[in-house]
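For reference, the chain that follows is the form predicted alone, supplied as C-alpha cells.
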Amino acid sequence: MFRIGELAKECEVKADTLRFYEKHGLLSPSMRSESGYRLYTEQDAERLRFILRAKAVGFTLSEITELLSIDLDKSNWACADVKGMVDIKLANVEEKIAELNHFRVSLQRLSDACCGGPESAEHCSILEALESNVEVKCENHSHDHGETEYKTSCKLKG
C-alpha cells in the first residue's frame, strides 16, 4: 500500500496531481487509513502510470477517462475503437503542426522584412504589416554557399 506522498514520489508527480486526478474521477484511493490518509494499491499505481503515459502523448483528461473505461472493459471493445481514438488525436496534432508551421513562416517573413536597426519604429515594416492588409512576401534567391540558402529580397508587398 502507498500513501499519497509515496505514490506521488514513485511516479514522479506531486501529491496535488493525484488529488486533481481524484477530483476528476480518473483515480481514487482503494481505501483510507483509520486516520483518513489515502491508501493506494499497486493496481492504483498502474492506473496512475497509464494516466501519465496517456497524458504524455497528448490525450486530454476526457479522452483518458474514455481510454480507462475501455481498458477496464476490453472484451466489449474492438482494437479499432482505440485506434480510431488515436487516429483522431493524430489528425488533430497534424493540424496543429500545420498551423504552427504557418505561424513560423509568417513570423519569419515579418522578421526578414525588418531591418532591426536602432532607428525609430515609426517606419517599422513589422508594425506596418500588422497595421494594414499588407502581406509580407519573401522571394528566395539561392546563393551557392553549400546547403545554405539566403533570402535576399524580403519586403512588404501589397
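Residue numbers run from 1 along the displayed sequence. All values reported here derive from a predicted model rather than from experimental measurement.
The form predicted together with another copy of the chain exists for this protein as well; it is not shown, and the discussion that follows is about that form.
- At least one heavy atom of residue 103 is located within 4.5 Å of another copy of the chain in the predicted bound form.
- Another copy of the chain is not shown here, and in the predicted bound form it never comes within 4.5 Å of any heavy atom of residue 27.
- Using a 4.5 angstroms threshold between heavy atoms, residue 67 counts as touching another copy of the chain in the predicted bound form.
- Although the partner is absent here, residue 36 sits far enough away that none of its heavy atoms falls within 4.5 Å of another copy of the chain in the predicted bound form.
- Residues of 115-131 placing a heavy atom within 4.5 Å of another copy of the chain in the predicted bound form, in sequence order: 115, 116, 117, 118, 119, 120, 121, 122, 124, 126, 127, 129, 130, 131.
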